[in-house]
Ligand code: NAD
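Shown below, as structure tokens, is a lone chain in the form predicted on its own; questions about how it binds or moves come after it.
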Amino acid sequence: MTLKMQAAVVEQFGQPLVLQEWTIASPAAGQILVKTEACGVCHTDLHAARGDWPVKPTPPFIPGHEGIGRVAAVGAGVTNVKEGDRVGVPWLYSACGHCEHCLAAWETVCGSAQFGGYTKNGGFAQYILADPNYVARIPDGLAAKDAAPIICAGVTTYKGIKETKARPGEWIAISGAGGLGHLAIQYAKAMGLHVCAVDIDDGKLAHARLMGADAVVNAKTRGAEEAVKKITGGGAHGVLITAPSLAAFRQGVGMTRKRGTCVLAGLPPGDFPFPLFDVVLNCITVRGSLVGTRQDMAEALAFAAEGKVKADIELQPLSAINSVLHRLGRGDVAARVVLEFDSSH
């Protein structure tokens, strides 16, 4: 008997996702099949569904790169995971394992990397095929719905903070206090940093205070960059830009301390409006950061398992995916939405 699953599918860029029944594939050699319990919704899923980026996925495809579940079946030759293990299928779906970047534990920039919910079908489905060498191992006691945002938003912000090189006791400015930013604030505080949260939404700034931010600045106010400099005594040692906004990118560089580091984690469409004069005169480092390695993932999940970081989540069924993506595009999602799946399927 051929078994079927429900999936939310991008058939055409810019159009609503279509709920369809797809055949549940059996894992080939070196693959595993994961029964989805929860999957977070990320702004990247919206970009994927719209075809916003220069390198586009190929429709039809299933988005979602925050899928958490249990291994339902393993293919031939798989020895590092077994049926029943709890895993996450993240953005970094797989990499070659032998290029200069993989050998240096920078598998996220491998030229042969595959990406969940983008070049490989993802977690907006009741089952996911995955590479057992790149799944996240979910710690005991961490619920699927709580783990889902950590394997993308969590590891992305955690790695971004590390890339700023800011040390305990120094200041970090986090631009964008929403889905990624509210986690970044918690990671930064757990890592011993002083946090200034920046956003255009006063409600999100109030939430940032609840998450532990030491100071907040509304980016729409005149002199926002100078306000951050005053609070931090000359500019933040590190700036992490999570907001998918070109204006936030330019403003973030202006908030960076001399010889500080501004890390870009958001991915708005378009070209970065680079303030070259400021960067050169102030010896500022501007660095991109793409999710995190498998080791970064283990560390990010450990913070969550220890209760030091917790995503604010809104639970929705898979059938609500188009409403969720529409709200995400309007900026009408306070933190993270997680899709819950019927465990009886």
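We number the residues from 1 along the sequence you see. This one's a predicted model, so the numbers in the text were calculated from it and none came from an experiment.
This protein has a second form, the form predicted together with the ligand, left out of what is shown; the following refers to that one.
K.L.:
Exactly one of 214, 201, 85, 146 has a non-hydrogen atom within 4.5 Å of the ligand in the predicted complex; which residue is it?
P.N.:
Going through each option in turn, the one that passes is 201.
K.L.:
Quick one: of 193, 248, 95, 161, which gets a non-hydrogen atom within 4.5 angstroms of the ligand in the predicted complex?
P.N.:
By the 4.5 Å criterion, the partner-contacting residue is 248.
K.L.:
Assess the spot marked by 35, 69 and 339: is the ligand within 4.5 Å of a heavy atom from every one of these residues in the predicted complex?
P.N.:
Heavy-atom distance to the ligand in the predicted complex: none of the three under 4.5 Å.
K.L.:
Which one of these stretches, 69-77, 174-182, 119-127, 132-140, sits within 4.5 Å of the ligand in the predicted complex when only heavy atoms are counted?
P.N.:
The contacting stretch here is 174-182.
K.L.:
Evaluate residue 268 for contact with the ligand in the predicted complex, applying a 4.5 angstroms cut-off between non-hydrogen atoms, and reply yes or no.
P.N.:
Judged by the heavy-atom cut-off of 4.5 Å, residue 268 is in contact with the ligand in the predicted complex.
K.L.:
Taking the shortest heavy atom distance, is residue 152 within 4.5 Å of the ligand in the predicted complex?
P.N.:
The answer is yes: residue 152 has a heavy atom within 4.5 Å of the ligand.
K.L.:
Are any of the heavy atoms in residue 25 no more than 4.5 Å from a heavy atom of the ligand in the predicted complex?
P.N.:
Contact check for residue 25: no, nothing within 4.5 Å of the ligand in the predicted complex.
K.L.:
Against the ligand in the predicted complex, would residue 244 count as a contact residue? Criterion: heavy atoms within 4.5 Å.
P.N.:
Taking the distances in the predicted complex, the answer for residue 244 is yes, it comes within 4.5 Å of the ligand.
K.L.:
Does any residue in 16-42 get within 4.5 Å of the ligand in the predicted complex, counting heavy atoms only, and if so which ones?
P.N.:
Sequence-ordered list has one entry, 42.
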